[in-house]
Ligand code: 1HN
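The chain that follows stands alone, in the form predicted alone, written as structure tokens.
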Amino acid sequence: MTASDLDPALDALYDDFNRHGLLPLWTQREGLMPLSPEPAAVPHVWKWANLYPLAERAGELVPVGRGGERRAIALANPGLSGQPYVTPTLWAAVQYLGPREVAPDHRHSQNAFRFVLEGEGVWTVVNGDPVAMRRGDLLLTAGWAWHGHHNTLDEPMAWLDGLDIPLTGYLDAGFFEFGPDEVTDRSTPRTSRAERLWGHAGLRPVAFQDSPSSSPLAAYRWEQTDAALEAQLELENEGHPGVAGQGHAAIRYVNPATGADALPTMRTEMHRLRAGASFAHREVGSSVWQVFDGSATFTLDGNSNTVSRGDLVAVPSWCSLEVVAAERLDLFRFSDAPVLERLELARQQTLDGAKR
């Protein structure tokens, strides 16, 4: 028997709360202020061996053009009630562009990137600047940048798209605009104009004094990423510090004008582990990992999963994560960390309990 059963006045109070659109804190506290994060999203693994054949089938059956705009297949987290979100703040999809196809120009307020697992032959044109897409490259499309894609070859190409669509949607900040029906620049330079200006380590064009929140560099090339990771492991062999952990090298893609994250709402990183190397932690905020090369065991809240090239892993907030490399392993990661850090909500815990 509850207190309200004994007190008609309390019943009447709750009825009046309901009538006026009110809820008392004393009946809601556990849901509003949990002892630790209680994400609706669940840890989940998508296998590339399943994803790519489905993308191929979509390529045969679904045209690219005005309206649908992109042949992008979103990863829907099983815990998010059918929403097309990989986590509550992140959107991930496999985009497939067939031989000689063109994805028309558009722009939107959401920030976006593309990470290429394999293939080449596609150029993305960002604000009129053609940018080649090749294996291992990270390509940026900041919010409000015009962009379209064109495939110059007789072979298809697929890549990972990452956007902050859910976060933008929750904030009621989403806008979208159609551009011309065709990509405006069909040229195919090996190096984009943005790279020619900004793609030189430690060197900033003097004429550009602004500090843009998104990186002015449209492409981060695999050659530089690979060299930076390998240098960390070589220095570790020589006894110098500078790696993320024993046998674990990591880099963050940053804005060369500010040193901050390359995109204001998403962090992008690349990790390399020697065979047998591992790391383990949990953190506030969600992330998505893609295996670029190699194989590993991902243990998520105690459940182990074997992953290999192309596989994608969703890691919800405060989910315990342990990664053990079965062989030399390269991992791409993106997360909502910049947002959590700005709000001073970021927190990480290693499995031995040490917080930082």
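Start at 1 with the first residue shown and count on from there. Since this is a predicted model, take the numbers as computed values, not measurements.
Below, we turn to the form predicted together with the ligand, even though it does not appear here.
In summary, the region of this chain contacting the ligand in the model of the complex, judged by heavy atoms within 4.5 Å and restricted to 108-116, 229-237, 179-187, 198-206, corresponds to 108-116. At the 4.5 Å threshold, heavy atoms of W91 reach the ligand in the model of the complex. Heavy atoms of A72 reach within 4.5 Å of the ligand in the model of the complex, making it an interface residue. The shortest heavy atom separation between M157 and the ligand in the model of the complex exceeds 4.5 Å. Contact between L163 and the ligand in the model of the complex is found at the 4.5 Å heavy atom cutoff. In terms of contact with the ligand in the model of the complex, the residue from Q95, T225, T265, S278 that brings a heavy atom within 4.5 Å is Q95.
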